[in-house]
Each structure stands twice: as C-alpha cells, then as structure tokens.
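In structure tokens, one chain follows: the form predicted alone.
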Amino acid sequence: MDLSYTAEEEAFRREVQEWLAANLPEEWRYRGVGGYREERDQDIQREWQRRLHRGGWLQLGWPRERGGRGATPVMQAIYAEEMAKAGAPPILGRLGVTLLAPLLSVYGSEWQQRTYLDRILSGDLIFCQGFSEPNAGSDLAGLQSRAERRDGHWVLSGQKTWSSGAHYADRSFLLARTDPSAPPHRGIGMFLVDMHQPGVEVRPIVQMTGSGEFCEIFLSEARVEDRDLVGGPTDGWRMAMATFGFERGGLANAARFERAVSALADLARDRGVGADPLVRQRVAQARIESHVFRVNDLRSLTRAQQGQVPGPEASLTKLFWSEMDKRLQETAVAIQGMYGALAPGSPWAVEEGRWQYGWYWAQAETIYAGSSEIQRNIIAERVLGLPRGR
C-alpha cells in the first residue's frame, strides 16, 4: 500500500483547490440541515453541475480519446476528497453522470452518444435509475418488469421502486425482461425511457426524514424506440454489471467522516459533556474508525492504481462505513440528552436538528446498496472462504 502522493498529484490537488476557491460560492458550502435536498435546492445543484461541466471535471477519468482527462484513480480520489472537504453540493444529475454517461461512452450507439452524452453532463437532461423492484432488489435478476416487441417498438409494463429523483427526472435507464423463457440473467434489456410520456407514473415515497427523493415508477405500456435500447435486447444484465463498475466511494467518504468526527467532538464540548469518560471513549472510537476507514480506502486505491479490478473486498468498505456512521450519529443524538428527541426544524433543536436528520439517514445506510447482512455473507464466502450455509 502506498501512502504518499507524487509531485504531479499534489499539483493536481492544488489545481482543484484553486478552481473551487474561484467557482464555489461560500453560501453553497455545507448548505442547511441535512445538507442538500433536491426538493428545495434543485436550481443550485443544476447550476453547480453546469459549472463543473464547463470546467471539464465531470469527465475527469474518461480516456482523452472520449473527451476526458485520463485522470488516474488517485487523481480522481483527490478530486472527490477536495470536493467533500469544500462542502460542495452534489450535482442534480449525479446518477446519469456517474453511471449512465460512462456506460454510453463505451457501449452506447453513435446516436445515443451524440444525443445524450453532452446533455447528461450539462444537467440539461436528468436521468434516474430503474433497476430495483418490490421483489427484486438484492436479487436483481428476479425482476419482473417486461418489455414486449410490438409494431416496431418496445412496450414496457411493470413497477420499479427506490428510484432516486424519479419525480424530477426526464429519462430513466431501466431494466426490463425481454425474454421470459431465457435464464434469469440473460433475458433482460436496458432501455432509456422517457419519463414524461403517457404510461409512466411516479409516486414519491416519503421517508421518516420528511423528504420524498426515493420513488416508485409504474409502467403501463410505456413506449421505447429501438434506438433507446442500450446494447442488444438481452444485454441488460451485462450493461447493469458494467454500470455498477462505475460506482465510486473512496476518499470522498473518508473526508466526510473525518469532518463529522470533528463536528462530533465540538458538539460534546458545546454540550458540556466533553470530560465525561464514556463520551470521550465514544468520540475516540469514532476517530479511530474514521482513520481505519481512510487506510482501507488507500489500500483499495492502491489496487486500482495498479490496474487491479475491485473484488468482493469492496463489501468490507460498504459494511464498515454504513455501520460506522450509524454509531457516530447515535452518539451525537445521545450526547444531546433530552434535546436529542427533538425533530429537525424544531426551534429548540440543537444545531437545527442536523444530527437527528443524520441519524434518520443512517438507519437506511445499512440497507441500501446491499444490506449489512448481504455484505457479511459476501465477505464470509468470497473473502474468508467459509462454507455457504444451508
């Protein structure tokens, strides 16, 4: 594992910092309780995406021949870390930019690349993801939404769930079963679906946070033209696996947790419990865990820099950060005593209820993107080589 940065990488870090200083307004940093929320901050998030696009940052890791900068994994991690440190807002079309655009740049047709890529990156066209279903989340191959070929186009029916941002999305990159007789992984296609057409209904799912960024999508004979099929009619599973390969975590999360631990220590002092031995122990444990997380990320980053493909050990990262954040948020709420029971937005809530909002979110973190139970099974079977339970 390499813990050092080259002179070129440090120069790149300064470039990112200088660009942020010139282009990220102070009032956009660390915005409000719970950070950025799409239902109230869409305009800022869209404008921030446009600025990043104009600056050439959204294609940082793409090869130069496809319009990118050809940045190494280390440089991409430095960029993500500096964005997190600066408190930069998320972009509005992050799913399209981070998952779909790289996929289309490799597997998309010439028409798809010409029609969609620049509009996705600029934020002019927002995509949501249509993969999970009520009975096909972790077992994605069990999806039941169907796509039938009729009169020269595809007709889609079915239901999707947990589709972030579907209520303001223009399109969805969506999986549907094209051949019910084929083995589960082989009879699936990926479609680019117009969300504004008849036959598409979106219902936000209101969380305990009070927001409804997760949605259900109901398809009732929605139409898709052949040109909006990504790959072939049964290439959907392969496209989905390639899409998952573009997901990133890394040092951005490490920087976020380190900042959260510092804020936790400040909270303990401000509430007058900083000298309590139990509180000191829990804050110290959070500091230790955030450091362990960074070191593990550096190990993964070293593998990526050496051209190695991420393996099942990625489950260690997901399991560790989600459980760690849950403990951190619980500590923050406990430190507040009776004030910890106040909801975000209460005039008496500590720091406007930001920690309670974080605690709400932490309950979901051990479920989405692969639950902790699933991650432990993967680690047991594929990392430790333990026998599979019956």
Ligand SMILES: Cc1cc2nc3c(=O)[nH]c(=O)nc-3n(C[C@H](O)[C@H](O)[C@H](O)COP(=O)(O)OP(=O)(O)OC[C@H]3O[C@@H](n4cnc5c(N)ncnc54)[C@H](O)[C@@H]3O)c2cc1C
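Note that residue numbering begins at 1 and tracks the sequence as displayed. Keep in mind it's a predicted model, so treat the numbers as computed, not measured.
The same protein also exists as the form predicted together with this ligand; that form is not shown, yet it is the one meant from here on.
- Using a 4.5 angstroms limit between non-hydrogen atoms, Gly130 touches this ligand in the predicted bound form.
- Although the partner is absent here, Glu9 is not a contact residue: none of its heavy atoms lies within 4.5 angstroms of this ligand in the predicted bound form.
- By the criterion of a heavy atom within 4.5 Å, Ser164 is counted among the residues contacting this ligand in the predicted bound form.
- For the chain shown alone, Gln207 is a contact residue for this ligand in the predicted bound form, at least one non-hydrogen atom being within 4.5 angstroms.
- Here the chain stands alone, but in the predicted bound form its contact with this ligand, taken as any heavy atom within 4.5 Å, falls in 156-164 among 156-164, 224-232, 293-301, 274-282.
- When contacts are defined as a non-hydrogen atom within 4.5 Å, none of Gln76, Trp237 and Thr243 contacts this ligand in the predicted bound form.
- Here is the short version: of Val200, Leu103, Leu264, Leu95, the single residue with a heavy atom within 4.5 Å of this ligand in the predicted bound form is Leu95.
- The single contact residue among Ile44, Ala364, Ala334, Ala341, judged by any heavy atom lying within 4.5 Å of this ligand in the predicted bound form, is Ala364.
- If you take 205-221 and check each residue for a heavy atom within 4.5 Å of this ligand in the predicted bound form, you get Gln207, Glu213, Phe214, in sequence order.
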